[in-house]
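To begin, one chain is listed below as structure tokens, in the form predicted on its own.
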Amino acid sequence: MSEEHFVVIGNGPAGNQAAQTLKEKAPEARVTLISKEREGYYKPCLLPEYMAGKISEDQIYLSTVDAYKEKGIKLRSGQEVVDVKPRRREIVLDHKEVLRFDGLILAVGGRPRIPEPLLVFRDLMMTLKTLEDAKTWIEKISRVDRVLIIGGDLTSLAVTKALIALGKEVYFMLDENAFWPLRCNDDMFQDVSDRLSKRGVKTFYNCKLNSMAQRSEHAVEVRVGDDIFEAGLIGAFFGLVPNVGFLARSGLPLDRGLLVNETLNTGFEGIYATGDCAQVFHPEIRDYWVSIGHDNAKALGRTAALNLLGERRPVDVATESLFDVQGIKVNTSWWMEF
């Protein structure tokens, strides 16, 4: 009998933990980890510190490329899955290669979210999700004096701290989507605005972004409400949306993300979804919730792997830790102090 082949798609905290757990609990099985990025496993939350020069690139890694070989995990980096065929137990890579699997864990994470009204300005805005994004920021930051942060999610506060540490002038535009997945009420805005102002950051709130226009290689003219100013860089931070577009024709259950039951199963035997891309059913509230944060993702990755190997372990999340965000139940473990 041939050895079992387990495939994990995604090398973030959920996927990395899932792959390690599979190899730990089923050492005789083949474990393949597929990642679009060419690097090893690193903590995205450390990217702002890397941008600020506070830590080196080596310090953001939790598992290098060589470490996977030592653990018996086959890492296929720089490769993208473009289709999943659940009934045929196959995945298709972007170079047309087809891989068969006995068990599959989808941990594809999210991609930066840009609200629809701002998509017209997308080419003028930068996001921060990957190490390559951080390197682009580093290369461009050195050429500008002022940066506008729009949004944003909690990462935006860490980026703002990094920019201040680099001696940059920072403008911060808060809007109704600020601090996704938390809703920014007046008290929260006032608190954050005061903290930003004390650090010399100019803040805008409840102001419409009227226009952006590229005036030179390193200058964009921005109109916010009645204010007109130039910024060298513009960062957009509105959280992440599940990166599940490639699954549209797969037959897997999709909503905002991949719909899974309380054990993270997709409804197909041996196929699980975990981390930021999963919407997890909670039998007590009879609704789906999503998980945000590094530690939550690791816990979900381990649970998915154990259940793929035969356990029936439900995700352990207290109902009191779930809250509504625009109709979506969210469990979040992180918060940034500024």
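In this text, all values refer to a predicted model and were calculated from it rather than measured experimentally. A residue's number is simply how far along the shown sequence it sits, counting from 1.
From this point on, the text means the form predicted together with a small molecule, which you will not see here.
Asks: Since exactly one of Phe229, Tyr205, Phe268, Phe246 fits, which has a heavy atom within 4.5 Å of the small molecule in the predicted bound form?
Replies: Selected option: Phe246.
Asks: Name the single residue among Leu104, Val260, Leu128, Val147 that comes within 4.5 Å of the small molecule in the predicted bound form, judging by heavy atoms.
Replies: That would be Leu128.
Asks: Glu80 near the small molecule in the predicted bound form, any heavy atom under 4.5 Å?
Replies: Output for Glu80 is yes: heavy atoms within 4.5 Å of the small molecule.
Asks: Quick check on Ile9: any heavy atom within 4.5 Å of the small molecule in the predicted bound form?
Replies: Answer yes; at least one heavy atom of Ile9 falls within 4.5 Å of the small molecule in the predicted bound form.
Asks: Taking heavy atoms and a 4.5 Å cut-off, does Arg302 contact the small molecule in the predicted bound form?
Replies: Result no; Arg302 lies far from the small molecule in the predicted bound form.
Asks: Taking 4.5 angstroms as the cut-off for heavy atoms, does Gly110 touch the small molecule in the predicted bound form?
Replies: Yes - in the predicted bound form, heavy atoms of Gly110 and the small molecule come within 4.5 Å of each other.
Asks: Heavy atoms within 4.5 Å of the small molecule in the predicted bound form: which of the stretches 304 to 312, 52 to 60, 23 to 31, 291 to 299 has them?
Replies: Selected stretch: 291 to 299.
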